[in-house]
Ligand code: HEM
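This document starts with one chain, in the form predicted on its own, laid out as structure tokens.
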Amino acid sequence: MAEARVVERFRKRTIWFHWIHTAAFLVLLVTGAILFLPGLGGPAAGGLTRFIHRIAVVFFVGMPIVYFIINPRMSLHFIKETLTWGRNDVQWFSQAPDYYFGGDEEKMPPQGHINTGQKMWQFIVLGTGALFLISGFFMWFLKDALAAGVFQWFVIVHDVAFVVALLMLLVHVYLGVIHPRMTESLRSMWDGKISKTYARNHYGKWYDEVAKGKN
């Protein structure tokens, strides 16, 4: 019998933000791929694709702004968490290859609310997001004002960010959906809950803090 998932990991507004932002990102990914490789879309790789791409940009950029307005404390915590790295993260990286291929779970250092691998994903999201935003702004609004060579550099930056984001997304999906040791990750993004055992094994430091707070 499966263990009950009673530990709250994510609130409903965080889950809604995650999926709306993810949907916008996926639309940008598909339309961006069509624009990046026009042969994929045939006649569609033109004005309609760019229009859909720009609509998705509004949601992709707008959702974090709305979330920040609603919950500035959690938003700033997310940024601080993403940019704070230490010895524990180095230890995680040294043990991760063995762990993800079936090694002893006890060798992994206890993690906080977000483990080092998830923190790396957040870092990629913030980094590529910034590159998308800056390069996309110039490509969308200042195309006619830029020299051809400068505009091309912005296109290259946009495309490199796209490739990096795509590769990391594939890793993120594999670990969150397919990897046998992460079976509760996807479900936690639907109802926000994980089991006590999963919390202890994957987010030991955070779970100890949560458990102490309830005593």
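Numbers for residues come from their place in the sequence shown, where the first is 1. All figures in this text were calculated on a predicted structure; none of them were measured in a lab.
The form predicted in complex with the ligand exists for this protein as well; it is not shown, and the discussion that follows is about that form.
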item: Of 193, 18, 196, 205, the one that lies within 4.5 Å of the ligand in the predicted bound form (heavy atoms); value: 18
item: Contact of residue 50 with the ligand in the predicted bound form (heavy atom, 4.5 Å); value: yes
item: Residue 54, heavy atom within 4.5 angstroms of the ligand in the predicted bound form; value: yes
item: Close approach of residue 125 to the ligand in the predicted bound form, 4.5 Å, heavy atom; value: yes
item: Non-hydrogen atom contact residue 186 with the ligand in the predicted bound form at 4.5 angstroms; value: yes
item: Contact stretch among 137 to 145, 69 to 77, 91 to 99, 104 to 112 - heavy atom within 4.5 Å of the ligand in the predicted bound form; value: 137 to 145
item: Heavy atom within 4.5 Å of the ligand in the predicted bound form - qualifying residues of 154 to 179; value: 155, 158, 159, 162, 169, 172, 173, 176, 177
